[in-house]
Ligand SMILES: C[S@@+](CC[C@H](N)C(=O)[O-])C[C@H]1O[C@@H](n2cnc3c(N)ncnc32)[C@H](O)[C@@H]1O
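Presented as structure tokens, the chain that follows is alone, the form predicted alone.
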């Protein structure tokens, strides 16, 4: 059944739990389509269960694939089964903005997209942060653009927490404003507790993966007056094997999300430059060629994995790239292989992989929102007043979901 669009206002209260349950049911039902990784599993089991989709994946051309990679919001050109799933995903992930468009903050070292993110974050959180004198605590602050902007706007002290010593200073040597303090500390270390005030207002703009969860735990332990988090890079688990659901609904879910599954939630190229996209496509083509050679040499239908390649390797001709992988990572290579045959075969296989990735990508935003709502619902369960919505346009950052909680 196609869910209707749910909210014209940001999600809050019982609506958070309701949407989380709906997303959980949808993701669980369609897990066979999105759990297999197209680069690793070239013939997933769902090909037998959905022959119409399998046929489309194997025959669709490069043009439609490129158009769908650029914008999956249009269902033109999709087989009906996939178009229906895309419409369901769009309805389930509809989110209202937490605030209207705001001026972009300008200042030293603030790039335009970063400025748009900071401006949107400020507008979306100001209602929760206004009142009182709670210290603003920016988690994984980097240069601290967000914390400084909030400090100035709210006329509050700000504590900027950052692990990298080279970033623990005002951008480009600008003098630090009064009441702002940068502290170099690893937020995963227990030493972070010693730096924190009680009842601070904790904010995090794109703290990677488990770093966001760490902030929520620490903020609650210190009796935070407010919490605002825009999660990012869910697959960054920092040693953990799987995502640990935070809410009662999440813990009851059948979903089991390791780093490979979580990586799906960040596969959005809305803000990737054409040059970077072209380089990524070349690396993918080279990796598929390597996989073809490894499968031929071993006779096993298994993915050959090796670490990311540097730019100088990606620019190598196919023969030299294969030789580099053979020497550096032990690639088994068939005797007398012909690059004039392997290259075109890799192009064909990559097209099928990209089409399969479009099928999988239908679940990208539902998974991202599931993760955000699991965190938001855990704050509801902790007694906070919580809202979830977007804080900026997708072109400023595809990671535009914001959780805002306020102690009652």
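Positions refer to the first chain, counted from 1. Remember, predicted model here, so these are calculated numbers, not experimental data.
Note that the form predicted in complex with the ligand isn't included here; everything after this is about it.
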Which listed residue (315, 133, 80, 164) meets the criterion of a heavy atom within 4.5 Å of the ligand in the predicted complex? 164
Heavy atom within 4.5 Å of the ligand in the predicted complex: which of 96, 331, 220, 208 fits that? Just give me the one. 208
So, a 4.5 angstroms cut-off on heavy atom distances: do all three of 114, 138 and 186 pass it with respect to the ligand in the predicted complex? yes
Within a 4.5 Å heavy atom cut-off, is residue 200 in contact with the ligand in the predicted complex? no
So, residue 142 and the ligand: in the predicted complex, are they within 4.5 Å at any heavy atom pair? yes
Heavy atoms within 4.5 Å of the ligand in the predicted complex: which stretch among 221-229, 178-186, 149-157, 68-76? 178-186
